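A single chain, nothing else alongside it, follows as structure tokens in the form predicted alone.
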Amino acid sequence: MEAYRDPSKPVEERVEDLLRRMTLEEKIGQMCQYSAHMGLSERLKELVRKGLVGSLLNVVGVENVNEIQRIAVEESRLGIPLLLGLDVIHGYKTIFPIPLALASSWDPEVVERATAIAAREAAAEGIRWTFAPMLDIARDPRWGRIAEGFGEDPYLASVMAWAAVKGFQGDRLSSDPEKIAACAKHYVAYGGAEGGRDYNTVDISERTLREVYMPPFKSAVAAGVATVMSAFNDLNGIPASANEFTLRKMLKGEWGFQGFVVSDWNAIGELVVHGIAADAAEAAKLAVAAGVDMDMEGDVYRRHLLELVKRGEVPEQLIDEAVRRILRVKFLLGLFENPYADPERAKRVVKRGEHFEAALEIARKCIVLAKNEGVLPLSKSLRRIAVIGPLADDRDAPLGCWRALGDPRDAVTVLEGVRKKVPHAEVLYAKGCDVRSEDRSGFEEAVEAARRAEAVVLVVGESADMSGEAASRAYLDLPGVQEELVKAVWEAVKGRGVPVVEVVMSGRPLSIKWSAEHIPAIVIAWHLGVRAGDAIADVLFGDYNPGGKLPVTWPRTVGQVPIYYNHKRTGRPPGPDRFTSKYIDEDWRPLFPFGHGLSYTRFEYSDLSVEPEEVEPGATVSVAVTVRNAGGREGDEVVQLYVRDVAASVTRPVMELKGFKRVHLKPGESKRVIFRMPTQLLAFYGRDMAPIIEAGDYEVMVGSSSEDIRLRGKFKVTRTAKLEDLRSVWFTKVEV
């Protein structure tokens, strides 16, 4: 038996044995990925048969998976199985909340559970690679892909990145039939696109790149992520898919990444459009030299690498390095031993009942109560309730963008959730208007329903296709005439003591300033997946006490964008003086700040301790606080730890999240929450761009949001220490 076929041999030995047997053309074939979104064409089958394809995406269905794998394994010369991928972003067929909503849970166990179930379902049908998690820091909600990531903060996103990789892959990449390879994307700084326009230019300093945009990717690499996707965007003059600095120097060099890099869809071919390559051949040369190991759907490597190697313009060693990385992932996943999907197992696993129950539990944890002036929870004794709005009975919107193979027929709408929750009540429904329409003809019916009701639930926001890729928005208001609908309904009932709740479904923060000033209760529901309606109804009627917090700042108006909590201080921070950093026509503060989220109970903070008061670099600071549920309902509080470097050699943010813990407390119950914070989390890049932990004073802030700080303390770092080994500056989780 050839060594590469022997599962008892070490993976590296199998890789080298197979590599020696491959022709140059077959090696390049492993570096090529194509989409089967139009079906398994004869052209694709023939390329697979010749060993000229390493991966396919968008092959769905057990029958199709097994057909194409059979050709690869039984009809190609070396029998190398395909790595089959799909955008399994927040669920496979059981759809969970979008990633931005998952981040609102502030609970990494929620993210790990959702991704583990997604992996289990996908693997059961032969999909062994997902293009997730998306780890782009996004501070501009105009950018549609903010929905796919974990928000604006490097630390929160890093914690969630770790959890997502562990959920998809387990503790390490292996042949576990319930795990799949994860892909950290879009590397890197894609979320910083100018004007929030997808695919656009990014121009930022190296310090901002390393301190803001890189940490979630570092976390994913530290967690063992199998693959990384190079982004579409131009980064400081060099497109990300031809950027040797970020790919070879940082990712594969400084961080020691052992997996492989795949380009985004035709990102290599687009190097010509960027104007950095004269033609596709030059694009191929630039990308492979930079460190892109696999060409997604561009067909650039297959058409040009062979000739480039023969002409001596691309060393064959670069090809061998890329193929080693790709084969290593295939061997680790056990594809050579188990390339096929089991139809019976797929039937048992996909969309099973416990997955839908998990979807409900997870959706509840992701809901954020943004405002509540004594309206919520609603009484179950209400006799007549009006459920109004274009998304109230919409089955598609809850699934959100990038819903893999999710089926809207599986989704529970808010209207259905309310009707199930109060079966004795008369539930009046009026759509009012469409999401993006200018048609107001449905207003009269909506207003009449509101007038007849004892409580009103308005369900407004964005349809699923209004966020995600290629869904940038210039305005962040409620689309169409939805705000007019909200105003009309409010005018019809105000002054009558009728509770009015606005439920906002969206894939991004929206500027709902009028609602925040007038509507007494606002629930931010994002796009919550298949059990959205049930989860929202549980919160509306008090069967679940919301505990979610915002992972991203909500602006008052689009003119404040970009807006984020951990901004620099400036020499003239906002104040009463005209000549300070603010606007003359709008408040500079956000509508809802980062970390914000209310509860049906009340939490008190006390007894802050920070030990030791002086600490050496490399040691740990313990920050402890007592949190007490001082209200009458059990509920969750997210205790948030922020730190401010009082004076540093380079300007630092006003505050930075350095730890958090979601705790559940019964009425009257107290818990002591202890954060053990390694001083490595204080590191930043100094004037010489070397990472340092700097001597000086640090302020500690503990609270319920970035603007609701309850307790303050301080400590001192006694001396400055450079971190010579950049790989030591991993994302470090605070122990709680």
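As the structure is a computational prediction, the values presented were derived from the model and not from experiment. Residues carry their position along the shown sequence, with the first being 1.
Another form exists, predicted together with a small molecule; not displayed. Remarks below refer to it.
Name the residue from 642, 131, 162, 544 that puts a heavy atom within 4.5 Å of the small molecule in the predicted complex.
Contact with the small molecule in the predicted complex is made by 131 alone.
If you check 454, 396, 87, 483 against the small molecule in the predicted complex, which one has a heavy atom within 4.5 Å?
Only one option qualifies, and that one is 87.
Given that the partner is absent here, does residue 465 sit within 4.5 Å of the small molecule in the predicted complex, heavy atoms only?
Contact check for residue 465: no, nothing within 4.5 Å of the small molecule in the predicted complex.
Does any part of residue 265 reach within 4.5 Å of the small molecule in the predicted complex? Heavy atoms only, please.
Heavy-atom contact with the small molecule at 4.5 Å: present for residue 265.
In the predicted complex, does residue 59 come within 4.5 Å of the small molecule, counting heavy atoms only?
So residue 59 does not count as contacting the small molecule.
Consider residue 537 of the chain shown here, and say whether it contacts the small molecule in the predicted complex, taking contact as heavy atoms within 4.5 Å.
Although the small molecule is absent here, residue 537 would stay clear of it in the predicted complex, with no heavy atoms inside 4.5 Å.
Taking the partner as it appears in the predicted complex, which of 527 to 535, 180 to 188, 486 to 494, 329 to 337 has residues with heavy atoms within 4.5 Å of the small molecule?
One stretch meets the cut-off, namely 180 to 188.
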